[in-house]
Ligand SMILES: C[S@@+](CC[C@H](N)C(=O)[O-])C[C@H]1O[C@@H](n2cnc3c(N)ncnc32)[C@H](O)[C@@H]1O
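Only one chain is included here, represented as structure tokens and corresponding to the form predicted alone.
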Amino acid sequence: MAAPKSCALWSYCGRGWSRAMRGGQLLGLRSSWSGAPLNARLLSQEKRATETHFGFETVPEEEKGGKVYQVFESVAKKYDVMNDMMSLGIHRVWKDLLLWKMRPLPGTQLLDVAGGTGDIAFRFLNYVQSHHQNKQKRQLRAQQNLSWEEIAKKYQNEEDSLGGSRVVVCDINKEMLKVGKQKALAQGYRAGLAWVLGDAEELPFDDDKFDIYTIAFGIRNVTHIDQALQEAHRVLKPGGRFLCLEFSQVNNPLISRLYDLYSFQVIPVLGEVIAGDWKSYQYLVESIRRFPEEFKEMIEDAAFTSLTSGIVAIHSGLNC
């Protein structure tokens, strides 16, 4: 069941998520139409409500989802290779840092949204399996009088190598999920992993189901970000955590100029050479620049950690 459509968002305010709505307006957003005639304001607001951005292009809201779908359908097979090429491999470090910040406990139920190729899910499984095995070793060392037969029997009886932890990868794009499933089979990931076709704005899960919700480099592609945040709140258990890894604004002027030059002059060329798709990678670069600064206000007072001179950031919140 999807959350009601409204402009009420959820933000971390020390104790947890709280309603961020005042007089029907989002916090941090101000109207520039206060002096305009009422009819003009209503028409302009209606126009703004039915249009959105697709990169630097303005499109009707109902068209953005299909356009984004086509982009990721086109790049799915070369998605991981292009991530390495575009970021010079640094995206792997960013994702490792997300897991370090997550620090999942045994039994954690994770929902990874827009996680089609499985990068976050596989890191999660590696992390929880490693910690569960270390726990087993500590327990065995504490029982040094056990015979080899008893130790072997204990390992055989331990069917769940993940300590009850599970991850569900949810993505709206069939091709991205297909690539993720192929990677999982090739790399031996089977237990504790599920793949679900679903929309971040209307998740196909019950309320209060997950301990952690992650979305890495996906929130900027959502048409209605406020709606996706409402859904994140709905499916998280009380005390659950929201973690979003996303591109941000570069805060160093020199790095910013170099970053822009690389983004607009190099990345689309790489897309054409490696994936045979200039336009999709041009969109991805543009979508980063159009990602709203207000996102930090949408998760008002949330813990905000800037990484790599502001190129990416981890936004986090607690659902209480």
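Given the structure is predicted, the values throughout are model-derived calculations rather than measurements. Residue numbers here begin at 1 and follow the sequence given.
Quick note: we don't show the form predicted together with this ligand, though the next part is all about it.
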(message) in the model of the complex, does F217 come within 4.5 Å of this ligand, counting heavy atoms only?
(response) yes
(request) Using the partner position in the model of the complex, report whether G180 sits within 4.5 Å of this ligand, counting heavy atoms only. (result) no
(message) I'd like to know if T108 sits close to this ligand in the model of the complex, meaning any non-hydrogen atom pair within 4.5 angstroms.
(response) no
(message) Is G163 near this ligand? Define near as a heavy atom within 4.5 Å, in the model of the complex.
(response) no
(request) Indicate whether the candidate residues L125, D206 and K237 are all in contact with this ligand in the model of the complex, with contact defined as any heavy atom within 4.5 Å. (result) no
(message) By the heavy atom within 4.5 Å rule, which residue out of A184, I212, I225, I172 makes contact with this ligand in the model of the complex?
(response) I172
(message) Just to confirm the contact call: exactly one of 127-135, 185-193, 108-116, 229-237 touches this ligand in the model of the complex at a 4.5 Å heavy atom cutoff, so which is it?
(response) 108-116
(message) With this ligand taken in the model of the complex, which residues across 181-207 come within 4.5 angstroms through any non-hydrogen atom?
(response) G198, D199, A200
